[in-house]
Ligand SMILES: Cc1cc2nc3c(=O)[nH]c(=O)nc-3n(C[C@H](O)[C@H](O)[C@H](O)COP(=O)(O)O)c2cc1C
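Shown here is one chain on its own, the form predicted alone, set out as structure tokens.
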């Protein structure tokens, strides 16, 4: 009788953490890690400083770090703030561990004594993808009582969405409900993040300093798992002026034109001499400028002089420059709406900010820009008050559509130019119009935003399945380029959709060439309006469900990029595929996908 197979030495979660740890290590790094693991097995554990997403084993006078900082980040802002908070807290004398939410061992929550959570909210009150599991755990019945825990929460969000900073609010309330003590009030940061985050972090550092003084000293040797990377010369606060090399249309004339347009363009910029490095899955941040015609429209609507000097926060600029470069005009915010409603004496407008006005408020934010509000609900503004009330300009992130191994010093983008009319007047998207107005040779301020959650598998033999309709196909162009140039043997399967084959098949010739050369195993297409009934990528996913499930069972990685609504539809379709072809219950299918996510095999970049 054959012997029973030995039980797997690692759980799915442990295997997922191991994959994250080893991803990107070269041969020498893997040999070093093997020796480290052997030392652990012999009981000779070293104390390590954790990489941002991975917990580190600790020995010393205390059993656990003094302070734990957990972040959940969709676009990188929460990660950036959490890393800054960790550095400041360590400088203040605290022992800190920093963890991405999907790497946090939830079984340790009951033993925490001081916890900071920095977390964003996306869409209609949803957690970032890397925090779904942690948020569900804290919200759920398995969450432990926490009478010994002291905590603070910093929420990040966008007040143009009705459920502003919802996840931060939910976690803050739930931790208190579980018996934890709030160190100080929750911070709710809008897109002008630093105005809230800076004072919140100052209080957090002071609390960490007080805890450090009250805790016993620790003696420990710190051995980094990998060298800490040098800070790049250019980043969000110090962008690089990249030269625009080329830009051309991807969508053909005559296609479907929605109220927001469907003009998709391909852009190529130079990173030469920047020292910037990017990986497939990363994003390019662009600091845009508002369309000049829109700036003039705001000045005309208020009867203000664009040359008037305005002083704010020790900075003096002409009003036109404030509105063009430093203030958001294409996105409304709750604070500005509230201030304008008060100035206009418009009770109906103010009522939209009440809880029962949520749906109408969402429509207003979706359909109107600042100029529409000024024209439809007139009110008096002086230049200084206007600049102070408008939200500061923020960068826009675009998924990178190239592999640096393939493109060298170039970086490519796939951008839908937003242009439409309201009451006979043109309206634009800020960043897409900024790119569309640029000509070859112009310099555009950019930086690279790493996205560690959206990476190709470290094992080049693994299959990948990519779902990217519309401009969501951008990172998958980079994926296929990377896998081709590195000789990865795993199969690449793309699901792509758009309204029409003839006008909207983005990168058609490239995909056909990739199929011919064997760099793309298969492509399934969903052109929604080329037949009487609409067909979307989620329908194609269900149609190919048997093969999709078989590849997942064989170890394939599954990726989704695009609009939040599409991401939810694809998630639902994937659950149906697992139920039908895996003979599982709906609850088991949810657990199956959660495990894939923990292992880094189900990744989404939705916006």
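Please read these numbers as outputs of a predicted model, since none were measured by experiment. Numbering follows the first chain given and starts at 1.
There is another form of this protein, the form predicted together with the ligand, and it is not shown here; the text below is about that form.
A heavy atom within 4.5 Å of the ligand in the model of the complex is found for one listed residue only; from 75, 95, 404, 274, this is 75. Here is the short version: of 191, 310, 373, 183, the single residue with a heavy atom within 4.5 Å of the ligand in the model of the complex is 191. Checking 170-178, 132-140, 115-123, 510-518 against the ligand in the model of the complex, the stretch whose residues place heavy atoms within 4.5 Å of it is 115-123. Interface membership of residue 157, defined by any non-hydrogen atom within 4.5 Å of the ligand in the model of the complex, is confirmed. Contact annotation for residue 165: at least one heavy atom lies within 4.5 Å of the ligand in the model of the complex. Residue contact check for residue 151: none of its heavy atoms lie within 4.5 Å of the ligand in the model of the complex. At a distance threshold of 4.5 angstroms between non-hydrogen atoms, residue 602 is out of contact with the ligand in the model of the complex. Shown here without the ligand, the chain has no residue in 547-562 lying with a heavy atom within 4.5 Å of that partner in the model of the complex.
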